[in-house]
Structure formats: structure tokens, C-alpha cells
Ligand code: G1P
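Take a look at this single chain, the form predicted alone, given in C-alpha cells.
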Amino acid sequence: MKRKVTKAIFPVAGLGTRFLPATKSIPKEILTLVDRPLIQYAIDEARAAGIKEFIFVTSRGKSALEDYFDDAPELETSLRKKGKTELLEALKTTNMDSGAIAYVRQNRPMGLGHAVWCARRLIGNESFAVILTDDVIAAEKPCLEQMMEAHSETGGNIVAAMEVPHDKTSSYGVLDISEDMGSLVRVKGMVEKPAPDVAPSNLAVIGRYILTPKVMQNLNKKKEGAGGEIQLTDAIAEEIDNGNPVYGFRFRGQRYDCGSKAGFLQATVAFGLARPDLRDEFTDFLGDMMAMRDAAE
């Protein structure tokens, strides 16, 4: 019987320079998409997938991120006195049980693989998930939950994947496919940020992973890869070389790259339009904006 994956790593040590000056004092992961910070979307997805232990790889200046998950007794008392029960319920989703959440420091930026490696002692000899908060995925069934269901059948390592335009492959880790089974593909190689003319496919790795402890052992070697950084892609690819299974999983849903300004704005529009309490007013506003633009042209 396969042991359930109950631990997830959230690499959140990045400086968020693409969102300066906002991220000068606010962690990027706290930036708000409609009315929830990016980190909350990641936590909610992990909970839905059965994750019980949440490991954050942080850096200096991330104290606001840590505070976000603490109880706020004064605020809760104030809301309770004012009878604002809906807001109280919303706050409950931000609270984490004592001991459920842990923080480890990445002292200097050395790549995604290094960030994941920083959590090695908390992972031990268990399979684990990795969630990148920049990738927000709107899906009827949360992406990581879809992957967990697939993993219960296949075991091994699974990475979320989606087709991207061929001219964008240099922005992603790209899969070299040996067998295409529909939602699952068997992977025979992984290339980090290949130029379009040498990319083995246009199936790109997106920020969700379920990995075996052997990947963590590979990261222990601290091999430098693309950009002189320790790449998670390389540690996963080493498992293929060792004869261990690696799968790509075509998830059902829409991914938004909230690590870019354009992607963040696209997600804001999409999530705003998906909200029944905002949809009508927001739709009218967007229609007016488009009409004004067309008139100006």
C-alpha cells in the first residue's frame, strides 16, 4: 500500500523584484488576488489534496508571511462583537494549527532545487509535494488533488505539465516524452529552459510536483545547473537516469503566471469575473473600458 503524501514544501524565499516597489516591504506571496493573498490559494489547494504539514522555505523580510497564518485574537474579538460572522469564517481559513506549519531559511538564493533541499530534515524519508505560489491554477478539482489521485496509481515522481507555445520553451523546464498516455506522459528526459530549436517538446513543467525522497538525495549533491543554480529539474531528471519513473501530468484547469505583472492582472480579471458577488459590476466596468478604448481608436 502506497503511503499518502502529507507534506508540502512552499519555496517563498524570492525577493519578488518584478513587483517592486510593492515588494520592498511586502512579501510577494502576500500580494492580493481579489481578496486573498497568493499564499492562501496555495494553502487551500494543498489542504484539498490532503496535505497536513506545510513547510515554508523563507528568507529575510518574510515576517509578514509568517504572521499571516497566526491567530488574530483582537481582530476576531472585534468582528465577533460587531456580529460580522461571515468575516470571522473567512479568517478561519487563514489560521494554521500549532505544529502544522514550519519555516526554514534559505540564506542566499541558489535556485529552486536549493530551496527545496533546505527542507530536507523536515521531509526525512517520505515522498513530498512542492507548490510554487506564482502558479495559480483555477480548476474545478484543485490541481494537486488531481495529481494525488494519479500518484496513488503510479507512484514515483509526477510533475504538473501544460503545452506552451514553442517560442516560449526557454522560460520553462521542458519534458522529453517517451510515452503519451493522455493525461499522463512517461518522461525520458527533462531540459531546463531550452531554446525553441532544441526543445524536445512544448510540454512544460508547471509549479506542482510530487517527488520521492530520492530526489532530495540527488539535491544533496548540490550540482550546479542552468544559470549556475541548483535546479530541481536536474534532480528529477537524475531519477530518470537511475531507472525510476517520472511522469508528466496534464492537469485540467487554467494556469495563471502570477510571477509576472501581466499574468497577475489576467488572474485578477478571471477570478473577479468568477465571483458571483463581483461579476455583474465588474463585467459592466470592463465593457465600459473596452468601449472607451474602441472609441479612442
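What you are looking at is a predicted structure, and each value in this text was computed from that prediction instead of being measured. One rule holds for the numbers: they count along the sequence shown, beginning at 1.
Beyond the structure shown, there is the form predicted in complex with the named molecule, which is absent from this document and is the topic of what follows.
A.B. asks: To verify the annotation, which of these, K214, R120, K188, K193, has a non-hydrogen atom within 4.5 Å of the named molecule in the model of the complex?
C.D. replies: Selected option: K193.
A.B. asks: So which of 132-140, 76-84, 100-108, 175-183 is the stretch with heavy atoms within 4.5 Å of the named molecule in the model of the complex?
C.D. replies: Comparing against the named molecule in the model of the complex, the contact stretch is 132-140.
A.B. asks: Kindly confirm or deny that K4, I51 and F54 each have some heavy atom within 4.5 angstroms of the named molecule in the model of the complex.
C.D. replies: No: no residue has a heavy atom within 4.5 Å of the partner.
A.B. asks: Even though the named molecule is not shown here, does Q231 get within 4.5 Å of it in the model of the complex, heavy atoms only?
C.D. replies: Yes, contact at 4.5 Å.
A.B. asks: Is V205 part of the interface with the named molecule in the model of the complex - any heavy atom within 4.5 Å?
C.D. replies: Yes, V205 is a contact residue.
A.B. asks: Although the partner isn't part of this model, could you tell me whether F128 comes within 4.5 Å of the named molecule in the model of the complex, counting any heavy atom of the residue?
C.D. replies: Judged by the heavy-atom cut-off of 4.5 Å, F128 is well away from the named molecule in the model of the complex.
A.B. asks: Counting only non-hydrogen atoms and a 4.5 angstroms cut-off, does L112 reach the named molecule in the model of the complex?
C.D. replies: Because a heavy atom of L112 falls inside 4.5 Å of the named molecule in the model of the complex, the answer is yes.
A.B. asks: Judged by heavy atom distances of 4.5 Å or less, which residues of 244-264 approach the named molecule in the model of the complex?
C.D. replies: The stretch touches the partner through R255 alone.
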